[in-house]
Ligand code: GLU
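This document starts with one chain, in the form predicted alone, laid out as structure tokens.
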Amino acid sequence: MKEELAPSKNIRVRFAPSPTGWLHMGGVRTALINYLFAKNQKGVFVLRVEDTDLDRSNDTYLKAQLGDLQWLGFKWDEGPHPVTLEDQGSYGPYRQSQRLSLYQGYAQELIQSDKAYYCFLTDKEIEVMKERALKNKEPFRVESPYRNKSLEEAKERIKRGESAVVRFKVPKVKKNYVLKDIVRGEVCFPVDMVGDFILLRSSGLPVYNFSCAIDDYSMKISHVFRSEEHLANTLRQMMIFEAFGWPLPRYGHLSLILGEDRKKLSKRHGSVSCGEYKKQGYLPAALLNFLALMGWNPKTEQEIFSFSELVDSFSLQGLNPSPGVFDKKKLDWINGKHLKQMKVEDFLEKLKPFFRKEGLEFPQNPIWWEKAILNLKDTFSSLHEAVNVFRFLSDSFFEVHDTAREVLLWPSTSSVLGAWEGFLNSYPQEEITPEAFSQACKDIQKRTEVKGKLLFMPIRTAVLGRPQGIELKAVIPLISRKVLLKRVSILQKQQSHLTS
């Protein structure tokens, strides 16, 4: 069973991205759970940058990740400034690449207390050990001949220019390390799961488990929420904390996020970076709402949450270890619900950048916009889809789709288009009401003796440029009579060209 947490007055959590790529949706979920817990408990949310992979880390990725976090609505209490990258907080530097002397100092402390040692094993020698373990069908663990060599001897070899890593001395005792995981309950790790592991590479750079443990202690991190994938790292970190005599943070290993094929979410499942969903017009609140429900149950029937509601509703008891499935249809549904809740003016502000990018022009009339958004917001689930819907309303856009070819070849289409043009020429106002449109369809049917799809598909094509699409009653009042006349004229010319 999961252990109930006692209240804490000094809750400090961290999100620690690596700036070697774009911000992944799995990373956003990890940041979100840490953030919700911290803010719900009036604690501190720390942003720490794990950039010791010097070959792959760069500030372009870092600024993009920080920008995505800001767009989502995260406000970190400590960490690098999102623009200048300057440290903000009392426990910096917050970039691991600027903390190397700290790691080296702690490594020396372990060496001096005989809890770590210099190891001169070469890659080739380690490979031989792996092959031997494989041949004997045994688990591979490093058994270094340098474990019990004297420190003086090791220092002499280093002075002569030999390269060495610093390895941790895994205790040679029979015992289990027991983790009381917030999400998974009690987890046992046999001590012999790992051999002597590296703390510092020969370059002086720390490995992940060492820098992570040192930073969690020195930044006074009280709780660590991270993906289930990190469970395998926990034993090494527990050993490091024990070696220094430090109190262990509380760990909670979150459920995996799977694709709809029940495999780990990856690029093959489509967009997995936050920036891609931003480009597609998903709302920050909807993405956070969707991600929060993967691995967390609010214990109510409510499914649509604002960011502030997530903070207020969050509890650790709602976390569960079952994998969450990244269901794109569910995301679309949640995003659609958030779009419907937006005020018209806010909705329009979100849409404007997309319209500018596509070169679409619309009436500058607030009443028209209110009517357009109210009429059409049930027809799309993202801002990107909204652009494809509103495109048909733009005075600067009319495109006859290939699917209209068959309709234009029907013998009755010419008379239907002619009758539709006649109605538009005789209508006394620029805005055509839904009632007037319904009556016009009845009159055209009576006049041409054409009905069903032979009637409605030509009219739809004259309005939208294609025989299928949005409900015409919703869009007819949003397109001026003048524009509709222009469109039917273009269509008649194409029909004439096809049938001549």
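Bear in mind that the values here come from a model prediction, so they are computed numbers and not experimental data. For every residue, the number given is its place in the sequence shown, counted from 1.
There is another form of this protein, the form predicted together with the ligand, and it is not shown here; the text below is about that form.
Discussion item. Even though the partner isn't displayed, in the predicted complex is Ser18 close enough to the ligand, meaning a heavy atom within 4.5 Å?
Written reply: Output for Ser18 is yes: heavy atoms within 4.5 Å of the ligand.
Practice prompt. Report yes if any heavy atom of Cys212 sits within 4.5 Å of a heavy atom of the ligand in the predicted complex; otherwise report no.
Written response: Yes, Cys212 sits close enough to the ligand in the predicted complex that at least one of its heavy atoms falls within 4.5 Å.
Worksheet item: According to a 4.5 angstroms non-hydrogen atom cut-off, is His230 in contact with the ligand in the predicted complex?
Response: Looking in the predicted complex, residue contacts with the ligand include His230, since a heavy atom lies within 4.5 Å.
Worksheet item: If you check in the predicted complex, is Phe189 within 4.5 Å of the ligand, heavy atoms only?
Response: No, Phe189 sits far enough from the ligand in the predicted complex that none of its heavy atoms falls within 4.5 Å.
Worksheet item: Looking at 111 to 119, 204 to 212, 404 to 412, 146 to 154, which one sits within 4.5 Å of the ligand in the predicted complex if you count heavy atoms only?
Response: Of the stretches listed, the one contacting the partner is 204 to 212.
Worksheet item: His338, Arg236, Arg250, Arg226: which sits within 4.5 Å of the ligand in the predicted complex by any heavy atom?
Response: The option sitting close enough to the partner is Arg226.
Discussion item. At 4.5 Å, heavy atom to heavy atom, what parts of 45 to 70 sit next to the ligand in the predicted complex? List them in sequence order, or say none.
Written reply: Sequence-ordered list has one entry, Glu50.
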